[in-house]
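So this first bit is one chain, no partners, the form predicted alone, shown in structure tokens.
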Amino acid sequence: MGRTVLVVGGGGREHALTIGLLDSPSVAVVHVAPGNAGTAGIAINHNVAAGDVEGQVALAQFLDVDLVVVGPEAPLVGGLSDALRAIDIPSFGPHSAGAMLEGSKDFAKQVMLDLNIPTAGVQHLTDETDLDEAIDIWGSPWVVKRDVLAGGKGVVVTEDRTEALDFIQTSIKSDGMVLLEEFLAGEEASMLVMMDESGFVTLPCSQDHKRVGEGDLGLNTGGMGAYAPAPVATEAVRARAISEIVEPMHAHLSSLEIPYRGCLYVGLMIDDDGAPSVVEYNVRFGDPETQVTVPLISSDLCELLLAVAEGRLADSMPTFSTHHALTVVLAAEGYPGPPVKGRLITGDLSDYVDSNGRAFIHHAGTEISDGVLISTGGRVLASTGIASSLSEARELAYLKLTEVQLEGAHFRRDIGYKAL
């Protein structure tokens, strides 16, 4: 008998995790709550909101699951893992105190400063701060961060002084304070670290594309595409990131009364000298980074996640493929502003396989309504290619994307350009 797993969430990240879990020899069935049209086709969806902690706990009990994998940050901050562990259900994802590394940017920054982890300087701005004086200390570009969970939309990076001041004032009015950070120059990369009190392991580093337009221009988004492994994260950079950033954080989190068990997402900025600094921490798998890292785990994904959830990662280290992965997000008309929803999605969404590799569709903002596939969000689908080289993976991903139609949709045509 294989294991029964519940995945919490309904986006592209959760579809990627579901695919990976169903590829695990140790898994018999995967349930997803609430899921999307992609998970409905391969797993069993349940109409329970990701943030409904009581509902998710009741569902996990009813299904008698062996493991819960929590996708989004909000239920982690809300204490879902705490509630599950209190009834002896293993949960992949940190307890609520550990989740504050994402729940509060101010908290995360203070932990980094206490541990001497390289990161940007910071100012705390309130309604008593001389804002004109504060924003001139470091000058343009300005990096302003709200100290709340904002679904990836709580940060503004701008060279427009008026825009910076407006966002600062609006944030102070709504939240009571806001963080102004020193701008870090360089190239960004994402390092996903699986960790518990027994040890940690880093997954292949990825690089995503946050801006909506080609050449990294335009508004910030939740991510328009990603690829892995990212060449900017050389072995030397990875070694420094592990020794200067991951190891001190792991030592700190493992020393707490309730240790951290889950994925720690480390957003890195790598300067021209190869020195990494932390832009931000997240306490879960990234999206769209998951879509390009999970396919590169060649060992049993469920065994890995369960080992972390039970605090025995050191005895169940994963292995990785030598392949490359690249994903391109198909976004709805209007995104990253209010997206046009409810439009018909047509075309061939089945897997594509040839001698060079394979490509497939990750669902994010989709559902089946009256028997047809429609869009329900801003980031609707992602086309992911897996191949022995990054250029082949890119070619496969874009080839597959041409087979999908959604009125008004848009996507970037230069994903992976920094590496290629």
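Residues carry their position along the shown sequence, with the first being 1. Not measured: the values here are computed from a predicted model.
One more form of this protein should be noted, the form predicted in complex with a small molecule, which is absent from this view; the next part is about it.
Residue heavy atoms within 4.5 Å of the small molecule in the model of the complex occur in exactly one stretch of 279-287, 160-168, 312-320, 255-263, and that stretch is 279-287.
Heavy atoms of every residue among Lys105, Lys145 and Leu184 are located within 4.5 Å of the small molecule in the model of the complex. Proximity of Lys210 to the small molecule in the model of the complex falls within the 4.5 Å heavy atom cutoff. Using a 4.5 angstroms limit between non-hydrogen atoms, Glu188 touches the small molecule in the model of the complex. The small molecule is not drawn, but in the model of the complex it has no heavy atom within 4.5 Å of Leu125.
Proximity of Ser299 to the small molecule in the model of the complex falls outside the 4.5 Å heavy atom cutoff. Comment: the small molecule is not present in this chain, but in the model of the complex one of Ile242, Val155, Leu131, Met100 has a heavy atom within 4.5 Å of it, namely Val155. Though the small molecule is absent from this view, in the model of the complex it lies within 4.5 Å of a heavy atom of just one residue from Ser96, Thr202, Asn220, Ser198, which is Asn220.
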